[in-house]
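In the form predicted on its own, a lone chain appears below as structure tokens.
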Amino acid sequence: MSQIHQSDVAIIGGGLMGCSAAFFLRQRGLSVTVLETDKVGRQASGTNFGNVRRQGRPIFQLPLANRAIRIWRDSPQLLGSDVEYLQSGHIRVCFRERPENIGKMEEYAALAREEGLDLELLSANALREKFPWLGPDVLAGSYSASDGHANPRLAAPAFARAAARLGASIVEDTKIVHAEKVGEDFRLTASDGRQFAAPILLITAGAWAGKIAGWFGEDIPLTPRAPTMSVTEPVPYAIAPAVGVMTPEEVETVYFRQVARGNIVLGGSTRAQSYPDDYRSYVLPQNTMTQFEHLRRLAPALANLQVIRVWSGIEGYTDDALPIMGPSAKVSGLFHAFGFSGSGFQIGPGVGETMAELIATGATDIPLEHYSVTRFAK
């Protein structure tokens, strides 16, 4: 009989949530095993846009986002490596045909200020003076000087390395095919027969997490989707903030940022279907063309740049676009942190620290009621 690897906490899913949770659990003295089917940060955590933005999130999510932003700012010292976090600002704009969004921006800014997020509202001459590259279709903007962006390809691996230095066991290329609770322990079996056990199990498996939660009787609907991502040839550096659009229309939700090398990283707009069972997602050419159609409205000078690479990933979306985060409603010792619906990168380190706090102490000051798994109970 093969030896069972025992730890205080087992984590299924080695993305940003799982690896940061492992890091903060080790800081609290708990032994941790992270089990990742592929390589850490390979899926949604490493293939997203890299937005480290608080504005635009639900007001009730800002305490979690504020916790995360402190971690991002301290990340070089905390992790011992550079994840290319830049506090270069974030502007959220609205197009001219949606003037009602100005009032919504004003209302959001007033509520956000109460949660410690200061936003500068800009329109007309003030908007053009600060951001002269914006196109004439842009009517107004909400600017956060304290937000920014980071490199998603670096973030989860950096947390994994930092967790490993503290003694966490990071186990890659290990697909868990069965899990159950036996007595006080969760027993996890990998596809090659290896077994792992822990009295606490945290599921951070992204688009695959719903299936794992189902093993414990919690049926959580997740829709797998594939973001449309691209990067252009480099041009002289001129645009510091990340840019996004406030709109109810998915096709208009383009966002972009310029990296120090000059390339424009572009995301948003129409997403495609993804195939988690096959570990495949695809970029549809028509979606990339739609991105550039709306990029032309945002920043006309960028519309004719050459695309040098496209990519996608596999993201898990809940029906209400809010994550499942907190304890299981059915099994003691089981915790969830998944379903971040394409908006998890900024809050990821805050999620990890909050889940570590919740697991280690049984409580957290971060409001979690909106993320309860019970909202999916039939």
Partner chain sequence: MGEHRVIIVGAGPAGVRAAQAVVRAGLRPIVIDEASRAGGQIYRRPPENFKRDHEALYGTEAARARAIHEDFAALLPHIDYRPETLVWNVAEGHVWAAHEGETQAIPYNALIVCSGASDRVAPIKGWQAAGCYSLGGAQIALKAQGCAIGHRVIFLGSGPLLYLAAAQYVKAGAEVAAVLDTSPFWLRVKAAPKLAAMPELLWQGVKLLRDLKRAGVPVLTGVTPVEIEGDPQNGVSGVTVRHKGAVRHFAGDAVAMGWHVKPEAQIADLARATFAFDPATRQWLPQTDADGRAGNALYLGGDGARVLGARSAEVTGELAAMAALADLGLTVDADRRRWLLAEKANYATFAKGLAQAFPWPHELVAAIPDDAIVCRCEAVTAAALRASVSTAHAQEANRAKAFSRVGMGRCQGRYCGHASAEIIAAARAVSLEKTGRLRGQAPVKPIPVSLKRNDI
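Everything quoted here is computed from the prediction, not taken from an experiment. Positions refer to the first chain, counted from 1.
Another form, the form predicted in complex with its partner chain, is not on view; read the next lines as being about it.
Relative to its partner chain in the predicted bound form, residues 261, 295 and 303 are all within 4.5 Å by at least one heavy atom.
The stretch from 116-124, 247-255, 129-137, 148-156 that comes within 4.5 Å of its partner chain in the predicted bound form, counting heavy atoms only, is 148-156.
Within this chain, residue 310 lines the site of its partner chain in the predicted bound form, having a heavy atom no more than 4.5 Å away. Residue contact with its partner chain in the predicted bound form: residue 109 places no heavy atom within 4.5 Å of it. Although the partner is absent here, residue 224 sits far enough away that none of its heavy atoms falls within 4.5 Å of its partner chain in the predicted bound form. Though the partner is left out of this view, residue 192 does not reach within 4.5 Å of its partner chain in the predicted bound form, counting heavy atoms only.
Interface residue among 330, 28, 70, 39 relative to its partner chain in the predicted bound form, by the heavy atom within 4.5 Å criterion: 39. The contact with its partner chain in the predicted bound form, taken as any heavy atom within 4.5 Å, belongs to 233 out of 219, 74, 184, 233.
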